[in-house]
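Two separate entries follow, structure 1 and structure 2, each one form of the same protein chain as structure tokens.
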Structure 1
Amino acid sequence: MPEASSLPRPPAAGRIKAALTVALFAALFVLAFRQTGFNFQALFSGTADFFRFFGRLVPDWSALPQIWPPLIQTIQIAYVATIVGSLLAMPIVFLASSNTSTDPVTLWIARTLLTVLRSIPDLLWAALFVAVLGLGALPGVVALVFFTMGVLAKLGSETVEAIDPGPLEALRAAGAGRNRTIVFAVVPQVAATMVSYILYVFEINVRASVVIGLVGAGGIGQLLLRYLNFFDYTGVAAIIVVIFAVVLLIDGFSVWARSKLI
């Protein structure tokens, strides 16, 4: 058997990189624990508290009649926002794709706009528009319109950039301008995918529209907040079960519809 020292060792660069990565992660986690005050004791006691609390969540089905109207409003908010947001996203989709944009400056502006839109979460939009427009379904719709634009424009422009460039060139060679080229060579190629994305965004919007009510943007979330503030945990439980069922249902519908598309 050879002496340990004579064994070939992995190259130095690799070892240094591995060590640095480990050190970086270790430092990040130490900092994270310090900054957030998170520890394992809190984890365990938190989990215990959670399950104790969960035990109290026995649904009270007599709350159902109160639940329906805001539940329907939640779905309406998601639906209206998905449609308006999708329409508004379309120009951004084509301006933010390198193969269909008008010029490099517009491309850059559209992409930057997209990056900013995408960095703002649904609930933040909602809180912002509740402050601007007041409580109710309106700020919810406006918030989700912006949210939809961010999500859809990103997915859409990735799709447009991946299309077959042949037809684009053929139409350009035939003397068609940018808009006509988009309508004839791009839209047919991306339409099915886009519709499937819109369904997917609707799915996300239903989930989002449930929670934005918690900051006052209408729908079932607002009722949930009221029950929570009055410590009406049986009502809370009923809402949670209903939300669960509706989200599952809409997800199921969306998955089914998307499978039909492609």
Structure 2
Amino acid sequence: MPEASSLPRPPAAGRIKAALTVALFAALFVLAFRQTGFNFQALFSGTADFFRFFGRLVPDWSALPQIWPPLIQTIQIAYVATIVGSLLAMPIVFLASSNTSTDPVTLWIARTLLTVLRSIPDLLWAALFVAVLGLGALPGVVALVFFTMGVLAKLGSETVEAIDPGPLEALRAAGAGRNRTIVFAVVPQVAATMVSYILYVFEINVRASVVIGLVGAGGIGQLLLRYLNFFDYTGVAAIIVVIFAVVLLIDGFSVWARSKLI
């Protein structure tokens, strides 16, 4: 084994570039640290208040009859949004992939659409659709459909671009059309991964459907906001425990299902 002194050293230009990169990130961190007002002293001085507040969060299990209907609606919002969003995302997956898109213009349009969809947070989508469609579950479903399309199409297009090009080129050489090439050369390679992504997005949507309820987009978030407005912390605690249990169960099932697929 060669000694450390005999190992080749990176060129001076590379070392300077690395040092400048580290210095840039350090300077940006210091700047952000100061401008955000992050203060360890304030953080630790509020520890007593933190534990005092959480000491008041004793679940009131008599609130369960009120919790179940909006909780079920929350899961339904996530489920419908995931299915509809996944179906709408599938064509965009292949249009936004360089190896399956029809032409450069279509590729650019599809990728620009994905950028727009992903640049707007799900909470903002929900607030916009609540203003248009009114309070209830419908704006929540539509908001998460847009969110699902953006995330799933982006992950899917990157997966399609990473496939083995051999089957794709073989079918094209044999004269197969674009659709047949995608069905027989691309889909078999990405199907399991795409189902895994859909399960992952469903997990995210369950959590997001709780948050978007805070702006009136249906689900248990609306009940949570009502409890908070009336300082009913025992009801808030019951909702937190129930949401935690449900998300834990869904995460466990999703992890198990993805392990069977990949």
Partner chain sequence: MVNAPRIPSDVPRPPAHVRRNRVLMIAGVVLLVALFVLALVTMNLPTWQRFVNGMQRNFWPLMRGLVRPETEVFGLAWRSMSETFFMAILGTALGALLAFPISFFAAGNLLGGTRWALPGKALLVAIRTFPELVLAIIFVAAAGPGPTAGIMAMGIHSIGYLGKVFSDVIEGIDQGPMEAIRAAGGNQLHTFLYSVVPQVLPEFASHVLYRFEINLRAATVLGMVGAGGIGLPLIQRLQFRRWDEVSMLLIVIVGFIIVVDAVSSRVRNRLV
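Superpose the two forms; the largest set of C-alphas matching within 1.5 Å is the rigid core. Here the structure is a predicted model, which means the values were calculated and not measured. Here, a residue number simply tells you its place in the sequence of structure 1, counted from 1.
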item	value
Chain form predicted in complex with its partner chain: structure number out of two	1
Core-superposed C-alpha of residue 18 shifting 2 Å or more between the two structures	yes
Residue 36 C-alpha relocation of at least 2 Å between the two structures, rigid core basis	yes
